[in-house]
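Take a look at this one chain, the form predicted alone, written out in structure tokens.
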Amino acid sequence: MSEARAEIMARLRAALRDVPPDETIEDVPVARDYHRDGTGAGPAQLRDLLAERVADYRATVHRCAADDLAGTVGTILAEHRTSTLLVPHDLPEDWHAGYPGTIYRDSANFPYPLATLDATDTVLTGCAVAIAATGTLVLDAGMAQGRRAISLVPDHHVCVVGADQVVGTVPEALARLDPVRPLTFVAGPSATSDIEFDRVEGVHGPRHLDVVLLS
């Protein structure tokens, strides 16, 4: 046994010395009195905070009314020169009404081939919840979100966030989510850095993220 491992094991034994041998995890209460709403903000302020934090991650934030969603999405796709658009099978068609390019719908029965995902210009999805304090979007493969692969492989992701989907803190978001679903937490475009802090985007997910925040 190495000296480091022996020291670690000795410290563990010392820490557990006063624990009764028949005690289980369920016998020890866990404090849950942490802040569940640490922002103290109203709905409009939460949306402002979310927009600010999302922009900090180098994502582009667009704010519009629900009636203007199709026009806003159309402008984003035109600026990105999107010729192929991938959407989940249950995404409302009025979200991309008027888009003149090719639209593919992904579903469990007719999944979009993984081999061609990388060649897709843009994916358009909704989300399950958005966290204002951290600027994080959470997808859970629910309504208008599709399977995880379609939001991770294409180079451009457009995500629509409803006004009632914005919460203040992570605990509030977790209270809305089902832990057994496939959860994807998105904090800006995919980015990584090497040991010299050279930032590289698009390695583990979309290089470009546009967030449409509905009022």
Partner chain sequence: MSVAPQGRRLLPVLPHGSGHLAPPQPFPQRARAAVADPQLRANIRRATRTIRDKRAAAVSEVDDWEQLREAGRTIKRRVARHLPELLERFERAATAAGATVHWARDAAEANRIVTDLVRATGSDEVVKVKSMVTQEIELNDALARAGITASETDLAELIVQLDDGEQSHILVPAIHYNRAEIREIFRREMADAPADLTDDPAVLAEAARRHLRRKFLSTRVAISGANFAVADTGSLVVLESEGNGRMCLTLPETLISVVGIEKLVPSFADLEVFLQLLPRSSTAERMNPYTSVWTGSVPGDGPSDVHIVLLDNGRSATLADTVGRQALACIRCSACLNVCPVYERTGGIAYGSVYPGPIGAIISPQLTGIAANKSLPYASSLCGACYEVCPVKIDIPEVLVHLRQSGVDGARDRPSAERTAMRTLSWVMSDQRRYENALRAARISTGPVAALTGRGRRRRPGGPAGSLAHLPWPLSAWTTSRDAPLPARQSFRDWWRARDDRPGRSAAPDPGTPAGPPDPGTPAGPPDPGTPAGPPDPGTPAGPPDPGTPAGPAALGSSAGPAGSGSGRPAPSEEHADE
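Between two forms, the rigid core is defined as the largest C-alpha subset superposing within 1.5 Å. Remember, predicted model here, so these are calculated numbers, not experimental data. Residue numbers count along the first chain shown, from 1.
One more form of this protein, predicted in complex with its partner chain, exists but is not displayed; see below.
Handout entry: Contact stretch among 159-167, 59-67, 40-48, 26-34 - heavy atom within 4.5 Å of its partner chain in the predicted bound form
Key = So the stretch in question is 26-34.
Practice task
State yes or no: in the predicted bound form, is some non-hydrogen atom of Thr75 no more than 4.5 angstroms from a non-hydrogen atom of its partner chain?
Solution key: No.
Handout entry: Leu114, heavy atom within 4.5 angstroms of its partner chain in the predicted bound form
Key = Flag for Leu114 set to yes.
Problem - Heavy atom of Asp118 within 4.5 Å of its partner chain in the predicted bound form - result: Yes - in the predicted bound form, heavy atoms of Asp118 and its partner chain come within 4.5 Å of each other.
Exercise for the section: Please run the contact check for Thr136 against its partner chain in the predicted bound form: heavy atoms, 4.5 angstroms, yes or no? Expected result: Yes - in the predicted bound form, heavy atoms of Thr136 and its partner chain come within 4.5 Å of each other.
Handout entry: Those residues of 2-33 which, in the predicted bound form, come within 4.5 Å of its partner chain by heavy atom
Key = Glu3, Ala4, Arg5, Glu7, Ile8, Met9, Ala10, Arg11, Leu12, Arg13, Ala14, Ala15, Leu16, Arg17, Asp18, Val19, Pro20, Glu23, Thr24, Ile25, Glu26, Val28, Pro29, Val30, Ala31, Arg32, Asp33, in sequence order.
Exercise for the section: Spell out whether the Cα of Glu26 moves at least 2 Å between this form and the one not shown when the two forms are superposed on their rigid core. Expected result: Shift of 2 Å or more: yes.
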